[in-house]
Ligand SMILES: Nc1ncnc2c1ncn2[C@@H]1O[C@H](COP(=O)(O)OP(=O)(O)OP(=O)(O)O)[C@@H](O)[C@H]1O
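One chain comes next, on its own, written out as structure tokens in the form predicted alone.
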């Protein structure tokens, strides 16, 4: 693992835009533009944000708002159509190999060799990052144990494990290499309440132990409130509000009683959290092509 950079700015996103061309989608889409127009969906729209070193920074938004697309760009899995992103001063396009050594993404759609066990999957992952077998095996048992997966389960094929257990393995793989920037894209989706608490506790503990910077992308308001130092609300491919929870409540002008992040979201965005307008849902569909 690379030496931790001196900069206190872990992530800098400046004017990033990402569009998806929908002309290759064969089924008719009610939200497509009229014939003759460019059929494009803007998933991320001139978006800017900064994340300080050591923060747990949350991005919340409805399905289809562009947050997962943003994480893929930060993680060097997609190229931006405009703007720049740097991780500790390293451009994600021009210095993608360096950036990949600094980060390790956890995603709800994590891919594995499902015929293999968690141990075999994490051994493979560790070796691709240059970890020796002994270190990788020891860290695998330690991390999975802290997530409630016992030694017998560590040796079972992943295809025999529940969706929730597989998601825990994905979280373990993200922390395996002790990354200094960790994008977490819906890390607790599909977990039962007890497992969700285990993973949240683990994220907080590992963040404190390793001075990691965590970018938590979630639509779970309570999770963001519990874990995040700073929170940005995303809608329509843009950041529409940012700050601490108390700062966001103040920005929204909410008065009287105790207000949470969901209250702020409904005030700022103006619709229920799982009711993204149809044109924004289209953006999510296009980004998955």
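Residue numbers count along the first chain shown, from 1. Note that the coordinates shown come from a computational prediction; the quantities given were computed from them, not determined experimentally.
What comes next is about the form predicted together with the ligand, which does not appear here.
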Answer for residue 232 alone: is it within 4.5 Å of the ligand in the predicted complex, judged on heavy atom distances?
-> no
Determine whether any heavy atom of residue 63 comes within 4.5 Å of a heavy atom of the ligand in the predicted complex, and answer yes or no.
-> yes
Looking at the partner-bound form in the predicted complex, is residue 201 within 4.5 Å of the ligand by any heavy atom?
-> no
Determine whether any heavy atom of residue 47 comes within 4.5 Å of a heavy atom of the ligand in the predicted complex, and answer yes or no.
-> no
If contact means any heavy atom within 4.5 Å, which of 39-47, 222-230, 258-266, 245-253 contacts the ligand in the predicted complex?
-> 39-47
Check all three, 12, 175 and 213, heavy atom within 4.5 Å of the ligand in the predicted complex = no
Output the sequence-ordered list of residues from 186-208 with at least one heavy atom within 4.5 Å of the ligand in the predicted complex.
-> 186
